[in-house]
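In the form predicted alone, a lone chain appears below as structure tokens.
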């Protein structure tokens, strides 16, 4: 299978996985009210003139958070159903400076040097080619512009990293990979961006039943994943904070982080 065929298959898997659950992501409290939204705003320090591109907008929560503080936002997503759900959610809030565009993250249909800020929140682990996305983000940014990514972050411990990728992919087959800070640093460098800042971010624990239901896991698969988590060695259970009650998984936690890449030059 060629790289192009593989990427096409990944994109189709993302479309098939998220199209039926678009509304669930709009209404997800975790996605709508995550404290990282305020952190992204604090890191961006918008002054009101910025043109923002929110890549893989999902339920539109990042676009909605930035809209009152900037000139305009373009919310893009691979999946039309997600865009439609995001549009309905955002326009219902009376927000009028957000436009919507269906687009893969790896081929952005925008002019070079157009945006002051590109955001991508809890989505890059689904991308068919995260390196290509980073290059495209760099291309559409103006000199001095900023790329802010909030996402699953891979671990330097190979066993822990593989364990997390497995439970994420088991629950959501469109999960590709959680990249480490070192990997993101290489992507940014190859795209001509400088890693200006990185930090760990402590996302809320996954409430197991709700987390599995949001991706509409088949009952048998959910039960199999639950038993696998319960049988994990203690160091995995401890690191990912797998909690149980009466022989059932109550919650677990993934690892997340925020990264800021800067395009060389003087911001306008």
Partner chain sequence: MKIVWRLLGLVAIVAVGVAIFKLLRQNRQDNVFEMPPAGQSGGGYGSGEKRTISPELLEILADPADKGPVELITDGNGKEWLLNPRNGYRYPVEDGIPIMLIEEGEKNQDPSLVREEATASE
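Residue numbers count along the first chain shown, from 1. Every value quoted in this text rests on a predicted model; they were computed, and no experiment measured them.
Here the subject shifts to the form predicted in complex with the partner chain, a form of this protein not shown in this document.
Novice: Which of these stretches, 146-154, 174-182, 117-125, 95-103, has heavy atoms within 4.5 Å of the partner chain in the predicted complex?
Specialist: Checking each option against the 4.5 Å cut-off leaves 95-103.
Novice: In the predicted complex, which of the listed residues (80, 190, 166, 159) lies with a heavy atom within 4.5 Å of the partner chain?
Specialist: Flagged contact: 80.
Novice: So in the predicted complex, does residue 142 come within 4.5 Å of the partner chain, heavy atom to heavy atom?
Specialist: Output for residue 142 is no: heavy atoms all beyond 4.5 Å of the partner chain.
Novice: Any of the heavy atoms of residue 51 lying within 4.5 Å of the partner chain in the predicted complex?
Specialist: It does: once the partner chain is placed as it appears in the predicted complex, residue 51 has a heavy atom within 4.5 Å of it.
Novice: Would residue 131 show up as a contact with the partner chain in the predicted complex if we use heavy atoms at 4.5 Å?
Specialist: Residue 131 lies outside the contact set for the partner chain.
Novice: In the predicted complex, is there a heavy atom of the partner chain that lies within 4.5 Å of any heavy atom of residue 110, even though the partner is absent here?
Specialist: Yes, residue 110 lies within 4.5 Å of the partner chain in the predicted complex.
Novice: Quick one: which residues from 44-76 get a non-hydrogen atom within 4.5 Å of the partner chain in the predicted complex?
Specialist: Read in sequence order, the residues that approach the partner chain (within 4.5 Å, in the predicted complex) are 51, 71, 72, 73, 74.
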